[in-house]
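Next up is one chain by itself, shown in structure tokens, the form predicted alone.
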């Protein structure tokens, strides 16, 4: 598929997809005409990259994460990313994301409770028989 279709299917702007390619986060094939050609698997990868970027993960950390996924370490493959600095960076990002999730959950609960009260008030004040 071409970049426009990938953009439509992922809801990621073309400009961002090009940026991801510049950073090495997406690697489309190139047609002889120079057009980018994406595979079905690129949909998942682009969506993951977009989610990681939106959650605040630096692109310099996204690349080793993607490489690790491609090696499929769940099958027992060893990765070359055992660098202590990288481990520390990912641990810090994990802690930051965990804190963000807790904050979002707390905020979500508060908004949900307020919405319930608003809806309940609206039902009590809605005229009947009209």
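Residue numbers count along the first chain shown, from 1. On a predicted model such as this, the values are computed, not experimentally measured, just so you know.
If you look for the form predicted together with the DNA, you will not find it shown, but the lines that follow are about it.
J.: Please determine whether each residue of 66, 90 and 102 possesses a non-hydrogen atom within 4.5 angstroms of the DNA in the predicted bound form.
T.: Spot residues vs the DNA: no contact at all.
J.: Have a look at 53, 97, 86, 43 for me and say which one sits with a heavy atom within 4.5 Å of the DNA in the predicted bound form.
T.: It is 53 that has a heavy atom within 4.5 Å of the partner.
J.: Closest heavy atom of residue 57 to the DNA in the predicted bound form, within 4.5 Å or not?
T.: Result yes; residue 57 sits at the interface with the DNA in the predicted bound form.
J.: With the partner left out of view, is residue 108 within 4.5 angstroms of the DNA in the predicted bound form by any non-hydrogen atom?
T.: Although the DNA is absent here, residue 108 would stay clear of it in the predicted bound form, with no heavy atoms inside 4.5 Å.
J.: Do residue 18 and the DNA come within 4.5 Å of each other in the predicted bound form, heavy atoms counted?
T.: It does: once the DNA is placed as it appears in the predicted bound form, residue 18 has a heavy atom within 4.5 Å of it.
J.: Does the DNA come within 4.5 Å of any heavy atom of residue 24 in the predicted bound form?
T.: Because no heavy atom of residue 24 falls inside 4.5 Å of the DNA in the predicted bound form, the answer is no.
J.: Using the arrangement in the predicted bound form, list in sequence order the residues of 23-48 with any heavy atom within 4.5 angstroms of the DNA.
T.: Residues within 4.5 Å: 23, 30, 33, 34, 35, 36.
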